[in-house]
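This document starts with one chain, in the form predicted on its own, laid out as structure tokens.
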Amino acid sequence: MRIAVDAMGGDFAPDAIVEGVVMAAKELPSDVTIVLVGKQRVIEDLLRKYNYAGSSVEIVHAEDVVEMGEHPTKALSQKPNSSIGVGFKLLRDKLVDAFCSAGNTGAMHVGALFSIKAIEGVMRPAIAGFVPQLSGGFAVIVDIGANADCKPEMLLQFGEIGSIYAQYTFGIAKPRVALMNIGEEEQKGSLIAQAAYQLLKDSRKINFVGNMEGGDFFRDKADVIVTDGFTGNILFKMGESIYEMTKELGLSHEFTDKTNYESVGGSPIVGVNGNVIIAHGISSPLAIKNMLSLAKKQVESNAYTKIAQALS
């Protein structure tokens, strides 16, 4: 297994990225190779700084960097030799099994669409997030930011794609799928939510359990939470804020620790022909280490090919 990591992407790159990769290399099985993509001399200096002398890390040189504030499409077209551009070339050519970055989220999304492309039949690839549950484990939420405006048919597809992802990545036989709404009753919500409810209810591909409210977000009401990217992003970031708030208040609990963005480390783009994981721009070495564990699990699950088979 070969997992590529954008060494230059993120607010604290390349230091935090390389340190996280060194941490992961010590824990991952010996048959997993991490491919650091970025400025070779800089990466080599950092590997020495963090005392890495193993054989599980390779370097692929990329001269340019897509900065966090750059326009995604323009940056990728003008900087084909950026770490993101080169990372996607490796993924497209099947020289790596996954590509991860804490860099420009828009560039990662656009790069995925232009290189490995959307799975045939997928209307809009989405970004999935992981929501800790009070009973233990995580629920998958789709979408958390790629698609702010969604038609009912897209929300149905998010439910189907999310269900397949949860089934194969987390080993859940019949994932419970719920629609995020302002009430549990069937007739509640916007016109789009009401139409999406009927489509989800009528689908034979998923185990639809109805609407869920914001108060149920952490209460194990569903394994897959369906929502548009606008609502999903707000919910997800609000959930992530719990860790920082409890820390400021001097409180600590196993559950609130899981709301820390570092605990999973990344969010996959679902609905594309490959394994792509986006990490927070503020990613710490611990977040990068955990993102690589997620990438390994996702490669092993082969979820994207299962989604393609289901839609063919």
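A residue's number is simply how far along the shown sequence it sits, counting from 1. These figures come from a predicted structure and were not determined experimentally.
Same protein, other form: the form predicted in complex with a further copy of the same chain, not shown, and the subject of what follows.
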* Asked: Which one, 115 to 123, 73 to 81, 208 to 216, 89 to 97, holds residues whose non-hydrogen atoms are within 4.5 Å of a further copy of the same chain in the predicted complex?
  -> 208 to 216
* To do: Using heavy atoms only and a 4.5 Å cut-off, decide whether all three of 1, 34 and 42 touch a further copy of the same chain in the predicted complex.
  => no
* Can any non-hydrogen atom of residue 282 be found within 4.5 angstroms of a further copy of the same chain in the predicted complex? -> no
* Is residue 242 close enough to a further copy of the same chain in the predicted complex to count, meaning some heavy atom within 4.5 Å? -> yes
* Is the gap between residue 230 and a further copy of the same chain in the predicted complex 4.5 Å or less for some heavy atom pair? -> yes
* To do: Determine whether any heavy atom of residue 190 comes within 4.5 Å of a heavy atom of a further copy of the same chain in the predicted complex, and answer yes or no.
  => yes
* Relative to a further copy of the same chain in the predicted complex, which residues of 239 to 270 have a heavy atom no more than 4.5 Å away? -> 239, 241, 242, 244, 245, 248, 249, 251, 252, 253, 255, 256
